[in-house]
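Quick setup: one chain, the form predicted alone, written in structure tokens, and binding and motion questions come after.
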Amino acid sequence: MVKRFRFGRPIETEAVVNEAGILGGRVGASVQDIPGFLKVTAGTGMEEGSTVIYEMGERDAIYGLGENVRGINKRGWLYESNCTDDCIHTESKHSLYAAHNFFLVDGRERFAIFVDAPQKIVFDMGFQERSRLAVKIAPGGFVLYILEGDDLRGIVREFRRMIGKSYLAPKWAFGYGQSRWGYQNEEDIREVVRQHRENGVPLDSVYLDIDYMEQYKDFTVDGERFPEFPAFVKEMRQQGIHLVPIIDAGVKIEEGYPVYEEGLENGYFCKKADGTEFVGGVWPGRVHFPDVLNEKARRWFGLKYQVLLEQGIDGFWNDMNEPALFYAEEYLKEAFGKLADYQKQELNIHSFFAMKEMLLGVSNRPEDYQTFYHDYQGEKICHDQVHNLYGYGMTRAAGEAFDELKPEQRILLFSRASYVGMHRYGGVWMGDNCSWWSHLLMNLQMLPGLNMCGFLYTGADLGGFGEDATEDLLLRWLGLGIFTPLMRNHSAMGTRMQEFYRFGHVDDFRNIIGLRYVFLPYLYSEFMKAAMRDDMMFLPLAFVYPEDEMAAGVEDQLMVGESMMIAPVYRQNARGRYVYLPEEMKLYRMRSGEDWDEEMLPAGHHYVPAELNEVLVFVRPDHVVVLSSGGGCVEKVDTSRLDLLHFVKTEAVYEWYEDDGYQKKVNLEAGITRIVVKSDKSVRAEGARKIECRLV
């Protein structure tokens, strides 16, 4: 059951697109209408915020909030929906790049809440008072959705039905990608591809960070570094490589730059209160921000991607779209004045730290987000009231343009900042993480929350973006990245280069990365079924084993699709790890697609050895996992002959989905092949495709 309560005059986000079956009108709600286990205090004016309160039971767990710090169970910390450019993802932080205002409570009551409001929201999940959950919504209207049900996964499905189908990435985007901020020119890219091909390491994509642009200007290519860009794109495609350029939110202020001049002429940039264009600073220096919340400006900006599509590009990643602000020009002038005053002082303990705080506080100042405005649905709205919609709007701009420019073709698209609803237009990556073991675990723990909010195409910067990666960290992280839809090794300029060939054990990297292509038939099938059936691909154990109290406490294992569980090693120098099995499972200790050990393990706690070149996969009873023989890129993976990891006691039935990987229109049932395996080891495949299956 879903109930909707509308308070004040909320800003329409278009997060919810299917209202069938939702109880409640579109008029103002009364707090008396709220289910009795919740208490709501609703502000009546723009100066008054609102609060939703729930008294939790001792063992209540909280799941969701999409991309965020800390564990799978979010109880006990303070979280904020306030899209923030902050690359140091420590446990002390309260917000990252996204605003995903959906969470589940599992305990005395089982329900979910979605707060549809683009302004700042604070989720106190038992931080101030251990037993109290308090959602504090900044002044302004909001829509409160309450979903009740008996089954956690069922509640998620209902929410996903409300917010619409998830974005479908092209199949090639499920291959391995190599990236680095610092690839300067064609030769750098050719060297990356050469090293992968000569060492037999699969590769499908190379990412182009900001250095490919001319002076960091959107929709340009530096003619000196890439003198014949369309020819170079074609050259890479002939080697099975897709180039994926970055697009940033800020448009450089420069006469003669067509994007700037068109946006200025048509009034498509965000403006200050006096009607002049807001000036901020990002990579190119002084920039304007496209008003992607304005329908006309959004279409204009989205169609700008065409210049790269016409040169053969079929994938993009959107960045800096919280939007990030190195500085706001007006405050920068004020800060320079203050700095001049400090020069006249003897800097003591008080004045020095005041100066330091002032300088560090120039970037991403909350006050600066209150100084520019959007033309949103014909109304002038201050940015801080719609801040969390900006990344959504930028990615929506591209997604809608692709529907117009390439109506039949899937284009790779993912973003850093996001809001619920953006999942229909693109995926997300988990932002600028660090080469820390704790971030490997955080990668795993973010996956279920993102899936709940519809973001299925997702992954982290494998090996870590900031700081210096070590060989063992990268191997272990790749061992997790095998299973995430976006599998990309990405690092920052100034850090240790972390392409596999910078390290010594090439065979180990070849085998681990190769496993991605071995598991591809299963992973792609589970992704597509989850997308089309409004389901999750990555599930906490509690969602599959709701009666098992021990499973509810597991924070470092996940179910991947219907058949298997993963348990990555995420501690330095560890040669194995403890796992909890809610039921008997078969362990496959994978070293490559041709080399593994298997072992039956009963339900309970186990210590499982795992060397650096091994990946742990657990198959559930009466389930199978379909595998390929691998390939150098996705196009070379043969799915006409499948191997089956299996644990069959009586009978296993697996619905395997396959398509061409490029068409936007999907008929799920038409692409399903039913694979039936019986205890006598007989195998039968019937349905969409004629395939050969073999038990291994």
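All residue numbers are counted from 1 along the displayed sequence. Nothing here was measured: the structure is a model prediction, and the numbers come from that model.
The discussion below concerns the form predicted in complex with a further copy of the same chain, not included here.
**Student:** In the model of the complex, which of the listed residues (501, 580, 596, 545) lies with a heavy atom within 4.5 Å of a further copy of the same chain?
**Tutor:** It is 580 that has a heavy atom within 4.5 Å of the partner.
**Student:** Between the options 239, 592, 438, 311, which residue brings a heavy atom to within 4.5 Å of a further copy of the same chain in the model of the complex?
**Tutor:** Residue within 4.5 Å of the partner: 438.
**Student:** Checking a candidate spot here: are 197, 257 and 667 all in contact with a further copy of the same chain in the model of the complex (at least one heavy atom each within 4.5 Å)?
**Tutor:** Spot residues vs a further copy of the same chain: no contact at all.
**Student:** Pick from 461 to 469, 262 to 270, 186 to 194, 418 to 426: which stretch has non-hydrogen atoms within 4.5 Å of a further copy of the same chain in the model of the complex?
**Tutor:** One stretch meets the cut-off, namely 461 to 469.
**Student:** Would residue 401 count as a contact of a further copy of the same chain in the model of the complex, using a 4.5 angstroms cut-off between non-hydrogen atoms?
**Tutor:** Residue 401: no contact with a further copy of the same chain in the model of the complex.
**Student:** Does at least one non-hydrogen atom of residue 479 fall within 4.5 angstroms of a further copy of the same chain in the model of the complex?
**Tutor:** Although a further copy of the same chain is absent here, residue 479 would stay clear of it in the model of the complex, with no heavy atoms inside 4.5 Å.
**Student:** Please determine whether residue 380 contacts a further copy of the same chain in the model of the complex, using a 4.5 Å cut-off between heavy atoms.
**Tutor:** It does not: once a further copy of the same chain is placed as it appears in the model of the complex, residue 380 has no heavy atom within 4.5 Å of it.
**Student:** Are any of the heavy atoms in residue 252 no more than 4.5 Å from a heavy atom of a further copy of the same chain in the model of the complex?
**Tutor:** Contact with a further copy of the same chain, yes.
**Student:** Given a 4.5 Å distance limit between heavy atoms, list every residue of 314 to 347 close to a further copy of the same chain in the model of the complex, or none if there are none.
**Tutor:** Contacts from 314 to 347: 326, 327, 332, 336, 339, 342, 343, 346, 347.
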